[in-house]
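Just one chain is shown here, as structure tokens, and it is the form predicted alone.
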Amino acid sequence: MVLNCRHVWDRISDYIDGSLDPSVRADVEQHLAHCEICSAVLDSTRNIIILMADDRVFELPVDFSQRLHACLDLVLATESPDPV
């Protein structure tokens, strides 16, 4: 099964936890091998988990949330909701 970005994002937590079915995990890894955006989402999610386990406080740029949501909206608007 070919997954699109939305499907991969829905499975990122389970992928990191190692709780995906082996065939779904293979589909996610196949998508990650060629999708820079989803690879960045995976890396960012892993980094957030590491940072959350740390007690340090980080200040984000003022417009970080707006830029993040604009990027996500752009990706979601340009892809079909179902796998191709």
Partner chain sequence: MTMPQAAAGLQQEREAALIAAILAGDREKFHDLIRPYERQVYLTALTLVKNETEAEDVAQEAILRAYRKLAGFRGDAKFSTWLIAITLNEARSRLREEKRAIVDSLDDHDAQEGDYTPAALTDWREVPSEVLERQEIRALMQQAVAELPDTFRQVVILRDMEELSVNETAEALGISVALVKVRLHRARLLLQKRLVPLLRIGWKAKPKSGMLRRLPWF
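Throughout, rigid core stands for the largest set of C-alpha atoms superposing within 1.5 Å between the two forms. None of the values given here were measured: they were computed from a predicted structure. Positions refer to the first chain, counted from 1.
Not on display, but discussed next: the form predicted in complex with the partner chain.
Asks: Check residue 33 for me: does it contact the partner chain in the predicted bound form (non-hydrogen atoms, 4.5 angstroms)?
Replies: No, residue 33 sits far enough from the partner chain in the predicted bound form that none of its heavy atoms falls within 4.5 Å.
Asks: Does residue 24 make contact with the partner chain in the predicted bound form, using a 4.5 Å heavy atom cut-off?
Replies: No, residue 24 is distant from the partner.
Asks: Whether residue 43 contacts the partner chain in the predicted bound form should be assessed with a 4.5 Å heavy atom distance threshold; does it?
Replies: Yes, residue 43 sits close enough to the partner chain in the predicted bound form that at least one of its heavy atoms falls within 4.5 Å.
Asks: Tell me, yes or no, whether residue 54 is in contact with the partner chain in the predicted bound form, where a contact means a heavy atom of each within 4.5 Å.
Replies: Yes, residue 54 lies within 4.5 Å of the partner chain in the predicted bound form.
Asks: Listed by sequence position, which residues of 60-79 have a non-hydrogen atom within 4.5 angstroms of the partner chain in the predicted bound form?
Replies: 60, 61, 64, 65, 67, 68, 69, 71, 72, 73, 75, 76, 77, 78, 79, in sequence order.
Asks: Would you say residue 66 moves between this form and the one not shown, meaning its CA shifts by 2 Å or more once the core is fitted?
Replies: Where the cores coincide, residue 66 still shows a C-alpha shift between this form and the one not shown that is 2 Å or more.
Asks: Work out whether the Cα atoms of residue 57 and residue 18 come closer together or move farther apart in the predicted bound form than they are in this form, the change being 3 angstroms or more.
Replies: So the answer is closer.
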